[in-house]
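Below, in C-alpha cells: the form predicted alone, a single chain.
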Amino acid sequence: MRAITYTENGGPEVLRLTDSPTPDPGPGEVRVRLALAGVNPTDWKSRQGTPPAGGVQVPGQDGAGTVDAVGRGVDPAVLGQRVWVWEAAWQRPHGTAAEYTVVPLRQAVLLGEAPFEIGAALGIPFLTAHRCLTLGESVPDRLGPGALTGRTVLVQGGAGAVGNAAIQLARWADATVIATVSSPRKAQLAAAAGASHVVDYTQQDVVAFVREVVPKGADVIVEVSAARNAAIDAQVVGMHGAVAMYADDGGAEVTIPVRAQMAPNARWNFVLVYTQPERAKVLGVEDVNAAVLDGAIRVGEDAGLPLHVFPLAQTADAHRAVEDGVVGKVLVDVTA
C-alpha cells in the first residue's frame, strides 16, 4: 500500500511516500480502506518529538473510509460499512496517512451517509470540543438537542478547528455561543459555524462584550490560548463555570487570580483527548456521532471551516499548512 512514513523525528521533510506492507487486523480490530485523512497540530508535534512506534510511523489520528477486513471476534456485518476513525496513531504505528489503517473496532465509528469530508474532520477537534463543553459543574456530561439550553459558552478562537467544533456542538445542544476572533474574515467564519455573537478582540473589549450579552458570566469557556486570555476568562467566567484549556501556546505558563476564582467556585481544566478518562471518550464518540447522524455537523466555507485538501504525496505540505496556522481544516486525499 502507499503510505506516508517517518523513521526519525524532525520537520515535514522527514515524511516519505513509501510502498509499505498492508496491515492485517488483529483480534478485535478492523482494517479501513481510507478515503480521506485529517491533519491536526498533534500530528506535527508528534512528528517532531515522539519517537516513531516500532521505528516506523504512519502519521495521522483521524480519517474516514470503508471497512474492508475484520479480525477475529469482529462481526463480519461491518464489512463495507462507511466509518470515521479516531486515535489511529496514538501509541500505534498505523496512522491514517495511508491507503489502509488498522484500529480497534470501537475506533471505527459508523458514518452513515455523511460525506467522508465530515468523517475525516471529526476525531481530535470534535472530541476535544466535546470534552471542553462537558467538564463544568453547571453543565451535563452529555450533549444533545436541548442539553445546554439556558447556558452560555464562550469560545476563544472561534475560527479554529476546535473552536468551530465547539460552536457547532454547543449550538446543536442549544447553547448561546459567543466567539472571539481576530479579523473580519474570521468573524464571518465563526458566524457561519453558528455563533450567536462574535467579538473581534483586536477591536473590542471582550470582557465588556461578554458581560453585556450575559451579565452572570459564561458557563463554559473553551480556551485556545490560556496564557494570553486568563485575565479575561477570570473576569467573565460565571458561577460554577469552567475554563477548558486545550492548547499550550508553545509551553507558555498561565497565571490565575486565585481569590477572584474562589467566589464563583470556578474550575480551570486541562484537556488532552488521548489521556482523558475512558468514560469521557465513550460519551464523546457517542455524542459526536449522534450530532453527525442528526445532520448537525457541517464542513466547508459555509460551515465556517474551509477545507484544504492535499494529495497523499503532498502530506508534508499538509503538515506545513497546519503548523503555519492555516485557517480551516486540512485533509489528505488518500485516493489521489
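Numbering starts at 1 and follows the sequence shown. All of these numbers come straight from a predicted model, not from anything done at the bench.
Below, we turn to the form predicted together with a small molecule, even though it does not appear here.
request  = Indicate whether Gln81 is a 4.5 Å heavy atom neighbour of the small molecule in the predicted complex.
outcome  = No, Gln81 sits far enough from the small molecule in the predicted complex that none of its heavy atoms falls within 4.5 Å.
task = Consider Leu272 of the chain shown here, and say whether it contacts the small molecule in the predicted complex, taking contact as heavy atoms within 4.5 Å.
result = Close contact exists here: in the predicted complex, Leu272 approaches the small molecule to within 4.5 Å, heavy atoms only.
message = Taking any heavy atom pair closer than or equal to 4.5 Å as contact, tell me whether Tyr201 reaches the small molecule in the predicted complex.
response = So Tyr201 counts as contacting the small molecule.
Proximity of Pro52 to the small molecule in the predicted complex, heavy atoms at 4.5 Å = Heavy-atom contact with the small molecule at 4.5 Å: absent for Pro52.
query = Within 4.5 Å of the small molecule in the predicted complex, heavy atoms considered, which of Ser182, Gln261, Ser196, Gln188?
reply = None of the other options qualify; the answer is Ser182.
inquiry  = Exactly one residue in Arg106, Arg228, Arg142, His240 has a non-hydrogen atom within 4.5 Å of the small molecule in the predicted complex; which is it?
reply    = Of Arg106, Arg228, Arg142, His240, the residue with a heavy atom within 4.5 Å of the small molecule in the predicted complex is Arg228.
ask   = Can you say which of 133 to 141, 246 to 254, 112 to 120, 69 to 77 gets within 4.5 Å of the small molecule in the predicted complex, counting heavy atoms only?
value = Of the options, only 246 to 254 has residues within 4.5 Å of the partner.
inquiry  = Between the small molecule and Val153, Ala218 and Ala266, in the predicted complex, does every residue show a non-hydrogen atom at 4.5 Å or closer?
reply    = Contact check failed for every one of Val153, Ala218 and Ala266.
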